[in-house]
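Have a look below at one chain only, the form predicted on its own, in structure tokens format.
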Amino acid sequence: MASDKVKTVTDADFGESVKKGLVLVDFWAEWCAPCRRIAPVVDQLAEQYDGRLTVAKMNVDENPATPPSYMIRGIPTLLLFKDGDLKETVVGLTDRDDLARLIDRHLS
């Protein structure tokens, strides 16, 4: 069950979407089994950090321009931006607690 707190971003609106505040972007694809496994974690984080973190997803198959500009070669990849600056990159599966600690470091 996808959270209504998770925003879908595209090549067209990516820059605008990450320029303000703390933003976690999940790069994924429909065919990617690890992406499906981490999706509930991303949804949980969107709920847990509602109002303090924007959580977004970008389908790499539908948006071919943005992923290469961030050297994304494998999915899932999660990028954490703060006011437009890339702060953290997580490639592959990781657990909710590790992602929460990563987010907490940048909330101040």
Partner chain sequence: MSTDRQVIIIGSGPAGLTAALYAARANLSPLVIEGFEAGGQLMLTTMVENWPGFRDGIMGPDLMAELRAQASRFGAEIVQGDVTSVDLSKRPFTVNVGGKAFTAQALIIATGASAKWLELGVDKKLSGRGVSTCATCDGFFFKGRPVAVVGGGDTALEEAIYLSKLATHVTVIHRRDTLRASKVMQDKAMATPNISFVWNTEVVDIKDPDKGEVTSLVLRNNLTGETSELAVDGVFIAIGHTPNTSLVKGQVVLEDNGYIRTEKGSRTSVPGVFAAGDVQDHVYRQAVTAAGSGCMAAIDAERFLAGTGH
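Positions refer to the first chain, counted from 1. Computed from a prediction, not measured in an experiment: that's the story for all the values here.
Below: the form predicted in complex with its partner chain, not depicted.
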ask   = Judged by heavy atoms and a 4.5 Å cut-off, are W31, D61 and Y70 together in contact with its partner chain in the predicted bound form?
value = yes
inquiry  = If the cut-off is 4.5 angstroms on heavy atoms, which of these, D95, D11, E16, D85, is the one near its partner chain in the predicted bound form?
reply    = D95
query = If you check in the predicted bound form, is I75 within 4.5 Å of its partner chain, heavy atoms only?
reply = yes
query = So in the predicted bound form, does any heavy atom of R52 sit within 4.5 Å of its partner chain?
reply = no
